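Form predicted alone, single chain, as structure tokens, below.
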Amino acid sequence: MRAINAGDFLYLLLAMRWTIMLSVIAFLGGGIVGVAIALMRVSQRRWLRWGAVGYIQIFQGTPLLLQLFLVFFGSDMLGMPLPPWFAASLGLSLNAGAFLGEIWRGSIQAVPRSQREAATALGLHYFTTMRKIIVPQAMRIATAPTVGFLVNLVKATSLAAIIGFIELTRAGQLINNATFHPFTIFSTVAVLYFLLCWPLTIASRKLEHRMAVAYNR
């Protein structure tokens, strides 16, 4: 056991960059999956809708920690071991895709049905209708809940510590093992997470307020 020094706090600050990078990668990867899931959920083909529902039920109905374990240890059993960084990115992306897909599906279905009927009356193809009419309106509706989900995603990256990826939480564990000052170390970790999430929370609330004002107009 040793005393906490400035280098320990610097190590935590440097570890924040990996939390940020993992959050960005998981959000982008989850966004790609989420777009596919959302479009499948509103598809006119039943087998696509049921496939998306199955995906959502699996990833929303099981713990994220278990999903990370399956990706990390499962890849090793298949003879294709993944490093913790890649396994964490993949696991979080697959999980985020299920939630983003539902957020965006709800936003698409929130667009008035008259918009689709007008596009059909004009003879527009399904994909043209989605790309030029429905999706632009749905994006406006989805912005606030999407930013809100990003806050949860940032906090969820802490679970990557379980599979050995050194992000903010794991860095705190390592420093605590050396100094044995858990209250000080993990209080600092909590503050750093707050500093990451607070601006996103404020942005989400402002977007929700702006949408409410626009809707009332």
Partner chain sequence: MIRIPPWRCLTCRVSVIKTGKRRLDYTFHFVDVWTARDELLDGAWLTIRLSAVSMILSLLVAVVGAFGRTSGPKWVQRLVAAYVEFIRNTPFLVQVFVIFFGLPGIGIRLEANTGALIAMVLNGSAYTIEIVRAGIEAISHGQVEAAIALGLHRVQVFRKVVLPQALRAVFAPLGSQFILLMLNSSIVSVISADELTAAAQDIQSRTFRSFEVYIVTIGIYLVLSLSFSGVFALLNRAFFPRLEAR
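Positions refer to the first chain, counted from 1. For clarity, every value in this text was computed on a predicted model and none was experimentally measured.
As for the form predicted in complex with the partner chain, it is not shown, yet the points below apply to it.
A.B. asks: Is the gap between Pro83 and the partner chain in the predicted complex 4.5 Å or less for some heavy atom pair?
C.D. replies: Looking in the predicted complex, residue contacts with the partner chain do not include Pro83, since no heavy atom lies within 4.5 Å.
A.B. asks: Can any non-hydrogen atom of Ile32 be found within 4.5 angstroms of the partner chain in the predicted complex?
C.D. replies: Residue-level check for Ile32: no, no contact with the partner chain.
A.B. asks: May I ask you to state whether Phe186 is within 4.5 Å of the partner chain in the predicted complex, using heavy atom distances?
C.D. replies: Yes, Phe186 lies within 4.5 Å of the partner chain in the predicted complex.
A.B. asks: Is Gln173 part of the interface with the partner chain in the predicted complex - any heavy atom within 4.5 Å?
C.D. replies: Within the cut-off, so yes.
A.B. asks: Going by heavy atoms within 4.5 Å, which of 69-77, 131-139, 113-121, 83-91 lines up against the partner chain in the predicted complex?
C.D. replies: It is the stretch 69-77.
A.B. asks: Exactly one of Cys197, Leu207, Ile25, Met16 has a non-hydrogen atom within 4.5 Å of the partner chain in the predicted complex; which residue is it?
C.D. replies: The residue from Cys197, Leu207, Ile25, Met16 that makes the contact is Cys197.
A.B. asks: Please state whether all three residues Gln57, Leu65 and Ser158 have a non-hydrogen atom within 4.5 angstroms of the partner chain in the predicted complex.
C.D. replies: Yes, the whole trio is in contact, each within 4.5 Å by some heavy atom.
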